[in-house]
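Only one chain comes next, encoded as structure tokens, the form predicted on its own.
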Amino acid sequence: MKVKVLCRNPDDYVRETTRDIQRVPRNYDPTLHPFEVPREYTRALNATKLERVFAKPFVASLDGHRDGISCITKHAKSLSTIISGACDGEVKVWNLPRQECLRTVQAHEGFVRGICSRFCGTSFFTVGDDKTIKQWNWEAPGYGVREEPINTILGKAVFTGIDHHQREGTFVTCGQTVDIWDEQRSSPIRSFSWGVDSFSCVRYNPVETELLASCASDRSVVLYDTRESAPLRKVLPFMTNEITLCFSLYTYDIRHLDVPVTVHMDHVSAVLDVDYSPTGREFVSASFDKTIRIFPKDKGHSREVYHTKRMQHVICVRWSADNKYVLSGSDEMNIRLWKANASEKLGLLSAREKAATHYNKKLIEKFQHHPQVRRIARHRHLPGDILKQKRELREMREARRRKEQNVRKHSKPGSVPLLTEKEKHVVAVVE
């Protein structure tokens, strides 16, 4: 015999506190909610508007340098510590949560061209215009003790960049040549060159740690393997038309360097620095047009652009190791801290706030292709000169496209091929 008993759990209808909202029982049967999609669309539209209302990315400004910022690097083990180098040879160690300078070191005479942290976080290296490589201890010296480098190496030419290996006690520098150094030796253990005047930047691959790449003065990117005695290959990008626009970024597959995977086009002036997020899904770029842009790795246009009235040409940029902040250094002597997600709320969130944020995010993703939602989500305020330059570049591209169409229309069929935007950026690969 079956006996039906009413069972009510107080957790289903009793409030946890007197300030909590009343719990309302809901029936999720779709037949009872015929207007669910219109209601969700209205909520998505409101969530998109509120996201733009609360988009306040600027967090703080670190001032104290007496010249333009030339380079920034992160601590290998600490999220709260960064180092910055200036054009007057001064190096500062900063604490981000307290927004204060911990140490100041007069490291070089002239520009500080590069800074990198050792993989274990016990020391850092600097290079400058005085042809020296200096290794400094992370810990500050005692009171009254003069600041001195742990090691100093005098080179034959000016060094323009430096990077440290992810697991071993070796580092690489660039200048007239690309040199690999051992920390225990005063001369390079290996040198690479490829018939160019100089190299401006060099970086180790963070995953395949034996591979590294450098940027040369002839617009080329040279790839190296530290286990080989010669460079692997040289990649030279150039445009196939008479109008050369050097304001784009290119993503390549290292296995197929003939055509870029993605062309990222939004800047209106030269790009000076790039840094990837820890997740590898996005990267941030610094440009001479006084803006910072955040690009998804597989999209051709940026999702965010940051600028201020005081910020001048942005020289260097870094993405924090916790994937929440972006650091930028510009030539008006300031380091600025930005949120990676402009509308993200800082601080602790309650469970209800987290659920509401996640729900709004999913609603925006669901209706992201609707015209009103897309228009509001894409809108960004830009300075007048940048808008003017974007308009000029758009007119130039349209004129070039019309010319190609006219040439194709008045030529023999098949003689002028139709090229995609990726195929227009032809690359010369030299083995």
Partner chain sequence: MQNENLVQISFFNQLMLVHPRKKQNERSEASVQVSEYFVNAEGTGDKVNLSDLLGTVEKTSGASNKTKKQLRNLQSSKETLELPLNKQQTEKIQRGIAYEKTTAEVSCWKNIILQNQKAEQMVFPLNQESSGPKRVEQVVAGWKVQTPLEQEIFRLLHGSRQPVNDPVLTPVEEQSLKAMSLEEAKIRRAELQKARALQSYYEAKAKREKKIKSKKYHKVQNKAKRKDFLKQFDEMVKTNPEGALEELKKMELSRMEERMSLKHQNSGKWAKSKAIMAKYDDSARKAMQEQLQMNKDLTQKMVVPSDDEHESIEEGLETVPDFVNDPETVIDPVNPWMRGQLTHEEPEVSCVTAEEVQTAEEENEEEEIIGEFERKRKLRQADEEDLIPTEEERKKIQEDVSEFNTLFRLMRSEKTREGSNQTRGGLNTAGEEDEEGLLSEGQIRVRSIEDLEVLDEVVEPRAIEEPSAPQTAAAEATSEPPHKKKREINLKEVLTKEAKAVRLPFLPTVVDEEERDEQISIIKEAFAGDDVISDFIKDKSRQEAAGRPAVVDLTLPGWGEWGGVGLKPPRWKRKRFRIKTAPPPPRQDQKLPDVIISEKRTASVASHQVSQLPFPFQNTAQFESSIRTPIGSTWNTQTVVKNMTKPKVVTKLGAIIEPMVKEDFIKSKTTSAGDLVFLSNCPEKINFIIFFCCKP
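Residue numbers count along the first chain shown, from 1. Definition used throughout: the rigid core is the maximal C-alpha set that superposes within 1.5 Å between two forms. Quick caveat: nothing in here was measured; it's all calculated off a predicted structure.
Omitted from view is the form predicted together with its partner chain, to which the following refers.
Engineer: When its partner chain is placed as it is in the predicted complex, are Val145, His165 and Trp338 each within 4.5 Å of it, taking any non-hydrogen atom of the residue?
Structural biologist: No, because Val145, His165 and Trp338 lack any heavy atom that approaches its partner chain to within 4.5 Å in the predicted complex.
Engineer: 136-144, 181-189, 88-96, 345-353: which one contacts its partner chain in the predicted complex at 4.5 Å, heavy atom to heavy atom?
Structural biologist: Of the stretches listed, the one contacting the partner is 345-353.
Engineer: Let me know the one among Met333, Cys215, Met311, Val158 whose heavy atoms come within 4.5 Å of its partner chain in the predicted complex, would you?
Structural biologist: Flagged contact: Cys215.
Engineer: Pick from Arg103, Arg118, Lys131, Lys324: which has a non-hydrogen atom within 4.5 Å of its partner chain in the predicted complex?
Structural biologist: Here the answer is residue option Lys324.
Engineer: Can you check whether His369 is within 4.5 Å of its partner chain in the predicted complex, heavy atom basis?
Structural biologist: His369: yes, in contact with its partner chain in the predicted complex.
Engineer: Would Leu363 count as a contact of its partner chain in the predicted complex, using a 4.5 angstroms cut-off between non-hydrogen atoms?
Structural biologist: Within the cut-off, so yes.
Engineer: How about Glu392: is it within 4.5 Å of its partner chain in the predicted complex, going by heavy atoms?
Structural biologist: Answer no; every heavy atom of Glu392 is more than 4.5 Å from its partner chain in the predicted complex.
Engineer: Can any non-hydrogen atom of Asp289 be found within 4.5 angstroms of its partner chain in the predicted complex?
Structural biologist: Close contact is absent here: in the predicted complex, Asp289 is far from its partner chain, nothing within 4.5 Å, heavy atoms only.
Engineer: Judged by heavy atom distances of 4.5 Å or less, which residues of 395-424 approach its partner chain in the predicted complex?
Structural biologist: In sequence order, Glu398, Arg401 come within 4.5 Å of the partner.
Engineer: Would Pro30 count as moving between this form and the one not shown, using a Cα shift of 2 angstroms or more after superposing the core as the test?
Structural biologist: Yes, its C-alpha moves 2 Å or more.
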